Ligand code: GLA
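One chain comes next, on its own, written out as structure tokens in the form predicted on its own.
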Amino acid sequence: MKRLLSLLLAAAIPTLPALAQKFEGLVPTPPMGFNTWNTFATNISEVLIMETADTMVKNGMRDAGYNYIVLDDCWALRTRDANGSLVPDPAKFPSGMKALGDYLHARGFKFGIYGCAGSKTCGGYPGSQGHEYQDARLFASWGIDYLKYDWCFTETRNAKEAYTTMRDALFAAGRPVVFSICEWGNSKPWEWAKDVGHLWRTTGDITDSYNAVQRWERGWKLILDLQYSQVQPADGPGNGIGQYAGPGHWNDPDMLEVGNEGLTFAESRAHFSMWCMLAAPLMAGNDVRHMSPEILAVMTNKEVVAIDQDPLGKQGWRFRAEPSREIWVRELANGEWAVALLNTGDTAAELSIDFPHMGFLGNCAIRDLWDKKAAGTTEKAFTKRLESHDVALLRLKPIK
């Protein structure tokens, strides 16, 4: 009788909805994939996405971990339909987004799309302000797995409020979605976004340069410096904004320019290495259908990708900065370390790491990940000749 009464009472009490939150467990390591913007900008289509996916299967990128294919801005018509829904441009996407998502899912990829927290996107297409729940339901119906959410035409809107609203809308739609906050670092999202998104941009846009400044765009070395300089710990050297990142919540220094024409091969290799040191999302921004074997080898180097994907999830930090040399270190799982030696000078040079004066690393065996060979131990200094803006990336394993 008591059991029957309990069941009747339980049936009479309405079930409360789950509290809104971001979807947990989706990115224990930084997400990897491809984004259309850096190379293609507005020149996008379902044919491009399908060819990109097929290429990434054939060339090994998917199996190396690049499993998110993200469609950036300019995919929609300029106006919503009579019901207020976003409409894919039928000239660019004649089969529709659901069919495109099905195509990607059938090949082992996850489907990403772009939205904006303002009234319009950065390209002038409809934004999601005031339509968050409607758009989230639409994205879920298309099979979207990843949302890059930009910050144009937001006027006086509060960033935390705007991104929390879309987080709640995505959760209510019921389909797990990686939420990429693209607010450019203006409101210091590393301080508040851990419970809102899975990754957050820390600066303005990247461009295919080492250190150029073009409008709001910066070369990768300038963006690298900002990851460290935006927050300085009070008690001396530390990892800047890296202290806010970790499994499931990542600082995002923007997409990769590896292989694009503004970079030398050395700069592409160094750029990739340093993003791995930062535990950054690795979103290819080149035309993967037409890249050199050397660039493909950089992007699919298993030992280097493993640095980025290390399960400990600690972001690297700058240990030393001099006029032509920087040393960055990153703590890895199982007591191991990654160390990067970066030639910031304009000419080739022989550079060294004085490991005996870096006692916190302990006694370790050194492996040079780009040369793919053993390189001594930390009992002695490591020395290597590096081209301008090139890097030596080392993995250190304790000697027991």
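Just count from 1 along the sequence shown to find any residue number. Quick caveat, the model's predicted, so the values are computed rather than measured.
Another form exists, predicted in complex with this ligand; not displayed. Remarks below refer to it.
This chain is drawn without this ligand; in the predicted bound form, the residue among E267, D208, D150, D310 with a heavy atom within 4.5 Å of it is D150. The single contact residue among W142, Y133, W192, W184, judged by any heavy atom lying within 4.5 Å of this ligand in the predicted bound form, is W184. Looking at 323-331, 298-306, 168-176, 115-123, the stretch with residues near this ligand in the predicted bound form, meaning non-hydrogen atoms within 4.5 angstroms, turns out to be 115-123. At a distance threshold of 4.5 angstroms between non-hydrogen atoms, V258 is out of contact with this ligand in the predicted bound form. Although the partner is absent here, W37 lies within 4.5 Å of this ligand in the predicted bound form, judged by heavy atoms.
None of the heavy atoms of H271 is located within 4.5 Å of this ligand in the predicted bound form. Looking at R201, you'd find a heavy atom of it within 4.5 angstroms of this ligand in the predicted bound form.
If you take 260-274 and check each residue for a heavy atom within 4.5 Å of this ligand in the predicted bound form, you get nothing at all.
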